Structure formats: structure tokens, C-alpha cells
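Here are two versions of the same chain, shown separately as C-alpha cells and labelled structure 1 and structure 2.
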Structure 1
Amino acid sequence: MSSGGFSPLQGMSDIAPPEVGLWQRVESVARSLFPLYGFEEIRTPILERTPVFTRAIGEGTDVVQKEMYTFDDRGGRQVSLRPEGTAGVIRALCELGPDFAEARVFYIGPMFRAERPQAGRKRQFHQIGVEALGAPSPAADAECIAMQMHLVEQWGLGGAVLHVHTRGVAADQAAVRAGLIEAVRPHLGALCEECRRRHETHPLRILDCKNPGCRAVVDTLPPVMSFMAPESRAYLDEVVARLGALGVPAQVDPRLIRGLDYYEHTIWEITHAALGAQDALAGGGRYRIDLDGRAVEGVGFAMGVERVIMALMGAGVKVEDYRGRPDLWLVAVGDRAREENLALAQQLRRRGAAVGLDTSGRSVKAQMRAANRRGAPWVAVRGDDELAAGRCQLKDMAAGAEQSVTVGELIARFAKA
């Protein structure tokens, strides 16, 4: 049911139980895996001065031109909600100085793009990303990709496919552009209207057009890499070879392109069949970002958490399995037991046990039902008789069997600390 005039903005969602449990698992698996590769967490502001993004991502990109949430703050500064993580993280690392020239960091948090929502696309969405600074090195790229595939594996997500390609260096990009424009020119008539229009402006876009006519033309074109310098092709070959040595199968995909300007050399994408039209689970690449005259080089990736969750659910994961369960549930018969149970619950919780109880004085039956609903494996029932004896009835909910235990025994049994 909607909450009237207070419903969330378009493309903004609440993440609540039970699915939030799956989110927590996805995040905690990432948090414990990245340190194995020497990556530490960094948390940067969600709001930045607009040029931080426009300069790094590229003035002409769609993300900057039509998808950023940009406005003037109270001091009249032009600010934007971050549309991706890399630009802000690089900005932050620069502020930290030269010690961070070889920084390895990861981040987890919300990003914002004012697009029309659809499957796997929100206006506020969430990314898990990493950045590894350093000069171009096929080994560094392969290590980064291998870590990412390791993470996918740790999530238990089968069926993810890694596609790799290269953008080459800046000189290659100009050569690719010019070469592609010439190669496509004889086939202009076979292209869709959209591709004809962008032939001169965004020739790379023709490569990933979904129109069948355009795909047929693209299949006849020389590979993009043929326009690049031999060194650039060798770089990609080396990345693929290193991945192979690490047991990570990579598929070189000549149609793969990336929309952000800062990419250079290796680019990649991980897709998953369970996702529908937006089938990219993650994207990454090597980049070179100029900030205030200094060039920062590095490699990194971003994974869409919403899409990871979708893929996991598509693979049969049930969110209910990730809901927290109490270790014990306390049931009270009468007002005195109800008061005593609250104190007992507190005592147990201080010693690390997850304890549930009903404080509203409902019937025993209703309290038992609540315990069952929350999946409590054990229930302790106390009334006046048990209070007087310092005992309680401990019930095994799966077996249905009940035994009388002292309160001391109960605490010893459920205390974890």
C-alpha cells in the first residue's frame, strides 16, 4: 500500500527485512574477501563538487550529460550526488598524498543516476567497487579480475561470464575511431537510423547496437584491436594469459565498449543470464584520470548490488534463509513472569544470546505462535510455579519435547560469552 504523499521518489527503494539479510551477506562476504588481497575500505562523501565527476567521467558522456543529480547547495556551489564511485575515490586518494600512490581500496555504498527505472536499474542503486592505483601492468589487471571472480564464486553465484576487451591507450582510441568510421562507411545503408546518425560522432556505439542489421554489419568489420598499436594488443593478450594461469576463463569480446571516458587498456564486464535486458552484473577497467594536472593511473571495478541480489535469487536463493533467528524465546504466564522474563532476556543478551520475547501480555498460545513464526529453536516457559522454584520449562520446538531446567542451567546453555 502506498503511503500517500510520502511515498518514495521514483527509483528509490527501501531495503527492509527479509531481503536486507541477503544484502548483509553479500556485503559481509565482500568485506572479508578484499583484505585477503590487501584492499582496505574507504568511505567518501556521497555529495561532491560537480567537476569531480564531469572531469573524470567526461563532459560528453551520457552519465554526465543527462543522468547526474546536480544542484546548487546553500552556499551556491554546484554539487552532484555521485553517479559512480571511482571519481570520488581517486579524488580522496589524491588528498591523502604520495603515500597512497599504490593504494588498494574498496568501497560499498549508494550511487545516483536520474534514469528511468527498469529491471536491475534504480535511481539510487548500490555498488561494491575497488580501485588499485599504479602504472599499467597486465598482472595487476589480471589480479583485480581474479579477485572479482573469486568474490562472485564466494557468493555462490554460478553462471557468471567474464568478457574482456581493450580500449588501448589514448593514441589508439583516435586511430580506432578514424578506422571504424572508414570501415563502416560502405555499409551505412544497412545500419539503423540511430547508428547512421552517430556514425561520425560515436562510431564505437555501433558495435553494441542490438539491431540485427547493424550486428550483421559489425560482424564483417575488422576487429577494433586491428586499429591499435601492437603493444596494446600484446597488453590484452598478456592479461588473458595471466587470467588463464590463475584458472579464470576469459572471453575476449570485440563488441565490448565502455561509456566512461577515463578507461584505458583493459576493460571488462561480467554478465549473468538471470538478469534480463540489463545483464551486466559488474563492469571494470584500467583507467587514467587527470585531476588538477596530475594523472592518476589504476585499475578497478564496480558491481551492482541490486543485480547481484537478482542473480542470486534467480539462482534459487531464498531471502528467508538469511533472516536472523533467535536462539531462544521466552514465554511468560502472568505479569510477574513477564517482568522477570525481560530481566532474564537482558542477562542472556549481555552474554551473547539472541533472545526474543513478547512484552504485551498476550496468551501463552499467542506467544508460542510468535516464537514459532520467528523460527526460535527453543522456548522457555515460566509461570508462578517455575518462578518460585527458580526453574523454567525448556521446549525443543522441532521435537516438541519439554524438560524442566533451572534458570542457571538455562543461562549456561545459551550464553555464548
Structure 2
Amino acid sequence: MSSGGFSPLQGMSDIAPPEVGLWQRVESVARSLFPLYGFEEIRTPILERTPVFTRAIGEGTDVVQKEMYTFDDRGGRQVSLRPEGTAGVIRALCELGPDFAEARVFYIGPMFRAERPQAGRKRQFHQIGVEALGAPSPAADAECIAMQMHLVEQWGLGGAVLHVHTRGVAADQAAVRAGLIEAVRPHLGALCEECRRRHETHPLRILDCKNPGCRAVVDTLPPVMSFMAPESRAYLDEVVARLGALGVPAQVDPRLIRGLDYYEHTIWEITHAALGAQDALAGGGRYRIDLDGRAVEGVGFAMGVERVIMALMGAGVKVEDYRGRPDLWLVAVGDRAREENLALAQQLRRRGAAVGLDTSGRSVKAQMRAANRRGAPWVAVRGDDELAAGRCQLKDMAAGAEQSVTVGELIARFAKA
């Protein structure tokens, strides 16, 4: 039944069975893996004061300029729905005090950006991310990247490709900006309108443009690292070497820039062929965020769950395989059996068994159809005769074989606790 005028807003989607089962699996794998690396979960508000994002992400970024959901609340404060996870997490860790100066945390939750919806990109989207606070360290960067690649493998996405680059330190970025402005100037006529607009303000974004004319110009430009100090290039070399020692191959990609202003030193992106031409799966980087007069340094990554789900389905995963299925379905013949089955189901559920049954008085045929729809592997049928004997007819739905068992035997077979 359609909800008509109450359907979700454009770019915001319901996540229903059976697809939600695959989402739960993606999240549970992450929740199991992160603690192996010493990361604990943190949960922050979806709504924050707008400066939390504008100061951290950068006033001139596309996220801040075009994509944030920002409004005044009833108290006249300007607030925004979080467009990414890092800024709010850093704000929270700063408030928790010095004990969290080297925190290692992860988060899972929805983010919001007012951009044009497309495949794998929604206005409400979901991220799994981590933040590891601490001073710049090639070892810490390599460890964080290795954890992310480990997670991708645990999800079943073998064959992912890691691309790394560097934004250099803050002192490099002015030189990079000036160098790119001059290098691009002779080619302005060949750029798209958006890149011409960005030339003076955000020349790095030109490197990320997908327009063929712009890509041809980018191929003629000197590498971004050529404008950086030798120490910045050496830092990246050490990250790549440490990744190699961890068994994680990396490709240095001079076009990789990442779009947020807070990045310094290492940045990276992971791609996967299952996504097709738009193959970016996730990314991350080392950052420095100035929040309310305090500079916070760390390294982290964020992964869009929608993109992960797309990649898994592109790799052949079927969402139907992740639908929750009962261990057993109880079928009642008659009113008394229906009452007794509800009590039996409760006993089994309290012992860890997933049990389905009808509570509305439908026919035996309708109850069997319901068991089939939910994929129940076993069905136990009880009527007055079975109740009098303390037994039930247990049917193997795949083989079609039936056997008579006592209620005690049924409980012993399906109880898990």
C-alpha cells in the first residue's frame, strides 16, 4: 500500500527487509573488528551548532557552501544536520577532556547532505567511520589504512585497490595553491565552467574533475608533491613503506586530493571494480582541526554504507540471503493448540530459538504458506491429539520428511541456551 503524500523525501530511503539484514551484517562485522585494533564506539548528536562544521570542514568547501541542511532553531541558534562524522566526534572528544587526547573511537550512523541524489549517494546517507587522535605518525596512518582494508576484506570485497597521496603540511598548502593557480592559468579556456570558477579559490578541486577536457589539462600539470617540502614527500614514502610491511599494497595517485580542508599529510581512497565506472568505495586521511581555539590532530576514515551495499551486490551478494529466518515454525490445528503454541514459542524463545507462529486463527494451509514465505526449515504441527499425547509432528521442509517427537525432545533440539 502506497503512503502517497507521506512517502520519504527525495534522496531519503526506507531500509526494509530483506535488505536491512545485509545492512546489519555490514555493521556487525565493523563492530566486531574495530575493538581488535583498540577502537571504542562513540555516539554524537545528529544536530549540532553550525560552526562545529563550518570551522572544521572549511567555509569554502562544497559541503559547507552548497550541501548542509542549516536552519535556525526555536532559540534563534543556527544549527545543522551533520554532513559528516569527524567534526562532531572531535567536538565531543574535546569536551570529554585530556583523558581522550589519544582516543581511538568509531561511529555508525546517518549523515545529511542536500546534493543531487544518484546511485549510492543519498541526501540521508550512512557512514561507518573511525578517528584516532594523536600527532602525525606514518605508523599510525599505516595502521588505520590497514584496518580499513582488513574491514573491506571481512565484508567479502576482495580485490579492492588502495590509492594514497598527501596534502602536505599546512605550510605546503599555500605553495601548492599558488603553484597550481599559475600552472592552470594558461589552460583556463579548456576547463569546464565549474573549474574556471574554482581556479582562484579551490584549484585543488580541478584535479578531481571528471570532465574529459579538465582531465586532459590535469595530465599536463606538474605533480602536486612538486610544490611541497621534501619532508612531506618523505612522510608519504614512509607510510607506503609501512603499508608494504603490513602486506597492504598501495598505489600513489597524484590526482587524489580529498575535498575537505582539514586534511594534512596522508590521504587515501579505496576503489572496487564491483561499483563499475564510479568505483570509489571509501576514503580517509590525516587531519588537523581547529575547534574553538584548540587544534586537534588525528587520522581516520569514513565509509558510506550505501556504497558498501552497492559493491557487495555488484559482487554477487543477494540480500535475500540475509533475511532473518526462524529456526522453527509452530502450526496449530484448533483454538487450544493455538494457545498452547504461544506458550511453547515463549519457552523456546527464552532459550534462544527463533520461532514463528500464527496468532490470528488462520487455516493450517495458510500457516504452512507463512512458514514457507519466511523460509522456516522446520515446522511443528499440533492438534488436540498431539496435545493429549504431549507430542507434535515435526516436518523437515526441505526433505518433506515427518516424525513424531515429544515436546521435551522438540525443546531440546531447538533450544540454544
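Keep in mind that what you see is a predicted model, and the values were worked out from it rather than measured. Residue indices: 1-based, along structure 1. Superpose the two forms; the largest set of C-alphas matching within 1.5 Å is the rigid core.
Only structure 1 of the pair represents the form predicted in complex with the RNA. Core-superposed comparison between the two structures: the CA of H202 exceeds or equals a 2 Å shift. If you fit the rigid core between the two structures, you'll see the Cα of A273 move by 2 angstroms or more. In the core-superposed comparison between the two structures, I289 has its Cα shifted by less than 2 Å. Here R215 exhibits a Cα shift of 2.5 Å between the two structures, evaluated on the superposed rigid core.
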